[in-house]
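Before any questions on how it binds or moves, here is one chain, the form predicted alone, in C-alpha cells.
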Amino acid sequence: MESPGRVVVIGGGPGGYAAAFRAADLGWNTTLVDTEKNPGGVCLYRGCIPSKALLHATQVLWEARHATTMGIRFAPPEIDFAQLRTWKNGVVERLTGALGDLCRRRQVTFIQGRARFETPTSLVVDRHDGEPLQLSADHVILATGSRPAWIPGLQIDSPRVMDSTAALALEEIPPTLLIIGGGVIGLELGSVYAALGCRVSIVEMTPGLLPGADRDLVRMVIKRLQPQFQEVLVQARVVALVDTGEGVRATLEDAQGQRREESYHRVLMAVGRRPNSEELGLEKTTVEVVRGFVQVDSQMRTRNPNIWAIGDLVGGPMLAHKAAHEARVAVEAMSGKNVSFEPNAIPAVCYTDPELAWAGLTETAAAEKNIPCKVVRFPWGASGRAQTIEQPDGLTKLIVSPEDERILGIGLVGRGAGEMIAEGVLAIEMGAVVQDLAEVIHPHPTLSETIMEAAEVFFGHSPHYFVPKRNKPST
C-alpha cells in the first residue's frame, strides 16, 4: 500500500506515541521526536506511573497497619527507601522500554532530540547525540505536553523547594513538608510522603481541597487523609518563601489576612501545570497561541491546515487519556476520516486512598449552571463487598435528568473508584437511562454493583439501602 505521506509527531507522551502508532497503522511514514530515549512522556517518566507505583506501596503499608481489626498482626514495616526507589524506577523502565520496542515493530522512526519549525512543513531536530537533523513533513502533530507551574514570587533558587518531578524522585523523606496546592497532585504526593513518615502540611487557596469535585465525595477523602497530615489550611496562601540554610521559612496568610511564619525541611509546589508551547518555532507558522495554549478546532487542527495539536498543549483537562483520544481524532482526520473530538464525559481520578473519581455533570456544576437534576446516592456502608475489605466509607452517586432519566454524571469515592468509573462514562456516552443501569446484572459481592444499587435507589427499591420516599427533582 502506498503511503499517504510523511508525518512528524513532536512529543512522545501518551498523546504523542498514540498519534505516532495510529499514523503508522494507517500507512503514514511516521517519525516521532522526543527528548527521552524512549516514548512515555511526563506520564510514564515523571507523573502517572511513578506516582501510582508509590501510592500502591503506601496502600500496602496502610493495609498492614490496619490488619489488626481482622486479627492479623504484622511487625512494624521497615522501609528501604533505596529499594523502593529502585522498584519504582524499574516499573518506569519496563513500560518505556516496551514503548521503544513498539516503535520498532510499527516501523516508527524515533529520534531523541528537540524539534522546532523552520517553515510549516520543515523542521530542525537538535539531536541528543549528533548533528542537527533536517526533516520535512506533509503533516506535523504537536504533542509537547506541559510542565509544573509555579506561583510568581515563590520560585526561589533552592533545592529544598520542589516540583512534582523532584518529589517523585524520592531522594529522601524529609521530617516535614509543606505542599502548596490541595489538588490531585498535592493530595496524591502528600499521602505518599505522609505514609512514609513525613509530617505533611497542605495549603490551598480555594475554600476546599480537590476543587472541581463534589464536596460530599471530597469529604470522605479528607476524613481518611486529614489524620495523616499535620495541618490542612484552606482559603489560605503562601506569600513568601526563604531558604534559611537549614530549611525553608514560609509566610502563611489566612482568609482574614492574618500572617504567620513556619519552617519546613522541604516545600512542594503543586499548583497545576502549564503548556510547553515555547521554543517550537511557532512564530514561523500561523498557529495561534493564547495564554500558552495552542488553538485547535474539533478535529485538533490548528490555523495551519497541516499542523495539528493535542493533549495538555491545547487546554482542557490535562489528562493522559484525553490526549490519547485526541491523538486518534487528529490522525484519523488527517487521513480523511469524518471524526471530531466531542466527548460527553472525560473521567477524572484522584488516586488517594480512598480513590475519588467523577465524570460528566457534577452536582456542583449543575447548581452553578442551574441545570435541573436528581441526585441519588448509595453509601458503601450498605455494600457487602465494601464491608469485607474494610472499606465502608465510600459512596456512589448518580446525577440524573429529571426529564428523561438519562445519566448525566457519576461520582465515586472508595477503593477502586478509578477502575469503576468507566461504566459510568459508557452510560453517559451511550445516553443510557437509570433503568438501563438498574437492569444490568452486576456480580455479587462486588463494589461495581454499587452503581446498579444507586440506580435502584432512584426508583426506591434498592434491596440493601432503604429510602423512605422518592425525593422531588432538585433544581
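These numbers were taken from a predicted model, which means no experiment stands behind them. Sequential numbering from 1, following the sequence displayed.
Below, we turn to the form predicted in complex with nicotinamide-adenine-dinucleotide (NAD), even though it does not appear here.
Student: Picking from 278-286, 379-387, 199-207, 336-344, which part of the chain touches nicotinamide-adenine-dinucleotide (NAD) in the predicted bound form when contact means heavy atoms within 4.5 Å?
Tutor: Looking at the partner contacts, the answer comes out as 199-207.
Student: Have a look at A137, A270, A195, V221 for me and say which one sits with a heavy atom within 4.5 Å of nicotinamide-adenine-dinucleotide (NAD) in the predicted bound form.
Tutor: If I apply the 4.5 Å criterion carefully, the residue I get is A270.
Student: Only one of G360, P354, G186, G145 has a non-hydrogen atom within 4.5 angstroms of nicotinamide-adenine-dinucleotide (NAD) in the predicted bound form; which is it?
Tutor: Selected option: G186.
Student: Verify the contact flag for V349: yes if a non-hydrogen atom of it lies within 4.5 Å of a non-hydrogen atom of nicotinamide-adenine-dinucleotide (NAD) in the predicted bound form, no if not.
Tutor: V349: yes, in contact with nicotinamide-adenine-dinucleotide (NAD) in the predicted bound form.
Student: Is there a heavy atom of L319 lying 4.5 Å or less from a heavy atom of nicotinamide-adenine-dinucleotide (NAD) in the predicted bound form?
Tutor: Yes, L319 is a contact residue.
Student: Going by a heavy atom distance of 4.5 Å, is I371 a contact of nicotinamide-adenine-dinucleotide (NAD) in the predicted bound form?
Tutor: No.
Student: Answer with yes or no whether G394 is in contact with nicotinamide-adenine-dinucleotide (NAD) in the predicted bound form, where contact means some heavy atom within 4.5 Å.
Tutor: No - in the predicted bound form, heavy atoms of G394 and nicotinamide-adenine-dinucleotide (NAD) never come within 4.5 Å of each other.
Student: Determine the residues of 156-183 with a heavy atom within 4.5 Å of nicotinamide-adenine-dinucleotide (NAD) in the predicted bound form and present them in sequence order; the list may be empty.
Tutor: Heavy-atom contacts to nicotinamide-adenine-dinucleotide (NAD) in the predicted bound form: I180, G181, G182, G183.
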